[in-house]
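Two forms of a single protein chain come next, each set out by itself as structure tokens; they are called structure 1 and structure 2.
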Structure 1
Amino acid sequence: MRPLVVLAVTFALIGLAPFAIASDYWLNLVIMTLYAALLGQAWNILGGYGGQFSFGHAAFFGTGAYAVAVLQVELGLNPWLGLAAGGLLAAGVGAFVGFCTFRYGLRGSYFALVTLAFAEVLRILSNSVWFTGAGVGILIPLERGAASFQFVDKAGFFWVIWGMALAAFATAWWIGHSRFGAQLMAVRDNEDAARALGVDAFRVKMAAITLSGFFSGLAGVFYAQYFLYLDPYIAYGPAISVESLLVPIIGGMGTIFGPLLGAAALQAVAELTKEVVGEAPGISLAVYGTLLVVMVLFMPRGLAGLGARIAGLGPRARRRRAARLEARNA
């Protein structure tokens, strides 16, 4: 139960942000951190808990983003309904990709590259069909107001992304504490062994990729409504796929708080390097990349791993470890 308490307290504290922060700039940073955490948690559900590395989460993100934009611009659908449609369509794409790959037993790098190929296929398609605006992109008409999912102030957007992230993190908690989650992790650790124990690996992985796609799609919907313009490169380009996996790996894969830690760390590093290093083109990103390498050098298991290691130095953890060791030796 303890992670659930920590989760509730963390999100309650984050929820104070719009009351405590008057600055749009800082609130925007919090919003973008939650948005990255959502992207990361979506990836984490499949990659961290399920062990299926995807290089193509843009396929889901872009589908959610385009769904809300296209339905709104072409069919006049209210974006709040588009939100549901975006999530579901992205989940559908997730299921489709999962069906095509898991059915044929693709794993590891093969799976990773096929997801990437799917994202590219969608990028190229969105660049060619008329309803996405093709290369010209699609612009959601400016119409400020909560009813049109375009809040006048940032607090409105904050609550949307906060809710989406909370749902994703609660799902991650459920995965850590349910029979489904146990099966998913068993598949990750040793698929053949899990099968031998009667786990339907295909079904479990399908569920994971569908959930993962759903939350990635929500992030896409949010992006579309926050920035109001999409083109194939923004929606389905590799940058989103990379961010999706970077966040949880830096934070700690397969841990509930990993994506949040990773998102916060990356956001902080990006802002700090910008401020400290200055404006010479390229230098701040070069420093950002260097910090990334340094982080991996010293935190091989991500920030969450580092946290666990520090916690593991405490007397209680030492006693627990000793007890475990004794139990095993007995």
Structure 2
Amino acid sequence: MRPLVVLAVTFALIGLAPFAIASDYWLNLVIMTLYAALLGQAWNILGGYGGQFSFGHAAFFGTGAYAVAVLQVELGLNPWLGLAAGGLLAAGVGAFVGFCTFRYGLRGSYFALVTLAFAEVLRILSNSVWFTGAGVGILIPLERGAASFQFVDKAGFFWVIWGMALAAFATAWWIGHSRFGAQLMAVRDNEDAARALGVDAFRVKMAAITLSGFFSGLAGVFYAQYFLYLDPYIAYGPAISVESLLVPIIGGMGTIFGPLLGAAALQAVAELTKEVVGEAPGISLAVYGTLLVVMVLFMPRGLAGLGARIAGLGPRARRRRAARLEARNA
């Protein structure tokens, strides 16, 4: 139960932010860190725990974002209902993508390319149909108030993203301590061996991509309500997909706290880049790409793995301790 206690304490401390931070700038930074952590944990459920690397998580994010925006603007639906609709529609897209790929045994680079293709198809479609605003985008009318999911101050947005992120991280903890999670990680480590042991790999991967799509959709809903504007490039562009996978890779894939560490590091780098370089077009993607190469080459287990190695909790440290103990007993 120790990780659950640490998770509860961590989010309790983060929950003090609106009371301890008076500046909107710093509170916005905390909000965007939690938003990135939610995106990263959504990808981590599928890629970190399930070993299914997606290059097109923007397909789920954009579906959630456009769902709440279109339902508000075109049908007048309350955005709180749009929140549920966005998450469920994104989960449905996840299930559809999973069925089209896992049903025919696609994995590895083939799966990654198919997810990227789905995101691109949705970007092109949203750039063509009238109800998304086509290339112009869609602007959500400003109606300040909690009932409109448009809070007067940033504290309201903080509590929404805090709750979403907590739900995603609690789900990750459950995956790490449940029979379903054990099956998912068995499929990640060796799918053929897992099948031989009786694991229904298709069902397990379908559940993982549906959960991943749901939480990515929630992140999209939050983005739409926070910034009140969407266009096809924002919703389905490569930046979202890159951020989704970069956060857990930096923090540590297949770990509960990796996406939170990665989100904090990524936000710090993004703010530093803005201070040094400014808002140059494409600079964020260039920095993200450089970070990705550095992490894969020098810290493949991410910041969580580095911390475990320093604390003597990593696999190598455990093997060394076991060898010393065995030698002492001999």
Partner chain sequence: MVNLDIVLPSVLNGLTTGALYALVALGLTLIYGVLHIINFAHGALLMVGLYGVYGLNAFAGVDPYVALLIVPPAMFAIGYALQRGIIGKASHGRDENILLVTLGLSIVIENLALYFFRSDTRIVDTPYSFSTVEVLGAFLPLTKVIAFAGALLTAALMWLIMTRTDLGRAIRALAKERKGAALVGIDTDHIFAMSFGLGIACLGIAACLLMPSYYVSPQVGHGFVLIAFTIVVLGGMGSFTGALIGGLIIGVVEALGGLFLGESLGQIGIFLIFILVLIFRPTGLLGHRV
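Rigid core here is just the name for the largest C-alpha set that superposes within 1.5 Å across the two forms. Just so we're on the same page, residue numbers count up from 1 along structure 1's sequence. This structure is a prediction, so every number in the text was calculated from the model and none was measured.
The chain as displayed in structure 1 is taken from the form predicted in complex with the partner chain. With a cut-off of 2 Å and the rigid core superposed, residue 32 has a Cα displacement that falls short of the cut-off between structure 1 and structure 2.
Relative to the superposed core, residue 288 undergoes a C-alpha shift of no less than 2 Å between structure 1 and structure 2. Summarising the core-aligned comparison between structure 1 and structure 2, the C-alpha atom of residue 298 is found to shift 4.2 Å. On rigid-core superposition between structure 1 and structure 2, the C-alpha of residue 272 is found to move 2.9 angstrom.
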